[in-house]
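In structure tokens, one chain follows: the form predicted on its own.
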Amino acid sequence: MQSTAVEIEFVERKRYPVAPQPLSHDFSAATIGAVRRFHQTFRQYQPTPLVALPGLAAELGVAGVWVKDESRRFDLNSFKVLGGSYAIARYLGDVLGIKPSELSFTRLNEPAARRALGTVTFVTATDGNHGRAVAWSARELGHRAVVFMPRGTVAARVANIEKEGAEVHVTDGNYDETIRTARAYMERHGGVIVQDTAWEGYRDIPLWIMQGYAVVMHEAVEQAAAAGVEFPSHAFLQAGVGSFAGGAAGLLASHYGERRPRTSVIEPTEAACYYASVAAGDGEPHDIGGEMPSIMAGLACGEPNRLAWPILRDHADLYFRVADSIAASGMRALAAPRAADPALVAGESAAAAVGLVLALEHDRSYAAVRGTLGLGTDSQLLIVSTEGDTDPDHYRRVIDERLYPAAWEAARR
């Protein structure tokens, strides 16, 4: 079928006037493996499954589709706890003089450590999942959290954070403005800000968060190899501020070298700051502002993380901005699987990649895009479903009422 609305736009990586940044040891397999060993000291730790979807692969005309299901992470419905817990642990470890290689949940909870630390207040801004991760991590390690959320935040996400024992404030600003509100609170009241984006003089904690997030891909490449996929041909990474995508792309480039997957960055149309930065062509990050009314709340960010930007500039290949209908179609496809594929619960920010590849297959408007992406019968697709139904009521409506139909879906009804 042929669509009339533009649901997918992309730009390719360019040649920039600035020199490429060398790959940092910060995201080597050895470094991220050490971060993963810290996570293994939590009783809740298990690698999330890498799920094969052969039925979907057959529909797409590719060799394999592999989905990393982060709805199963620590019973928190999202990968974010990997970053929040590691950043908080690194901060506490530095205060206590514990080497990173010796960090553990038990060590940080010893009576002597608790006495030395007192109660630390961790402050953050969030669209939902990151704040819940910080609140959970602070509580598990004996501290407290104050969490700021942007206007329009749904009640379910507020409630999930409050259940972790945090103090929650909903602001009148968008996500990027809410970060500034959290910083101002920290400056007035004290505490430690735990944010997954960097600014001048604030680098360590965002780096630690990105390293925590990269554990997702460290697990995935290990699981893919165990399943016989030594070199996935394509990887799809969602970007809000870009911390997850940057950490994952760094690990992929470090682990695979010249044979790394062809890597795509995916953002909502209304909040595509990486798309805009690449399109500008000067090699520099560019902020966008204004309203960002996307159902992909976890990706509705207008200011690229300055640590993630050079990684994604130099080690990704295509940068997509997609409509809400693309994400919604992906949610439905994973909930109603093809053939004998298992059903997966994927939230709004999790399913954009699946929706993207389905549109490229079924909508003739995007035939050239599919060609640029290079999908073929031997392609092995690595996709991360970053969250489950973090807004359960909206998730049910998207599935049951078929809200936000993609053009190709509407044409089939």
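Not measured: the values here are computed from a predicted model. Just count from 1 along the sequence shown to find any residue number.
Unshown form predicted together with a small molecule; subsequent notes refer to it.
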Sort through 275-283, 122-130, 320-328, 92-100 and report the only stretch with a non-hydrogen atom within 4.5 Å of the small molecule in the predicted complex. 122-130
Partner-free chain; cross-checking the small molecule in the predicted complex, the single residue of Pro232, Gly298, Pro150, Pro206 with a heavy atom within 4.5 Å is Gly298
Tell me, which of Gly250, Gly84, Gly242, Pro268 has a heavy atom within 4.5 angstroms of the small molecule in the predicted complex? Gly242
Even though the small molecule is not shown here, does Gln211 get within 4.5 Å of it in the predicted complex, heavy atoms only? no
Answer yes if any heavy atom of Ser137 is within 4.5 Å of a heavy atom of the small molecule in the predicted complex; otherwise answer no. no
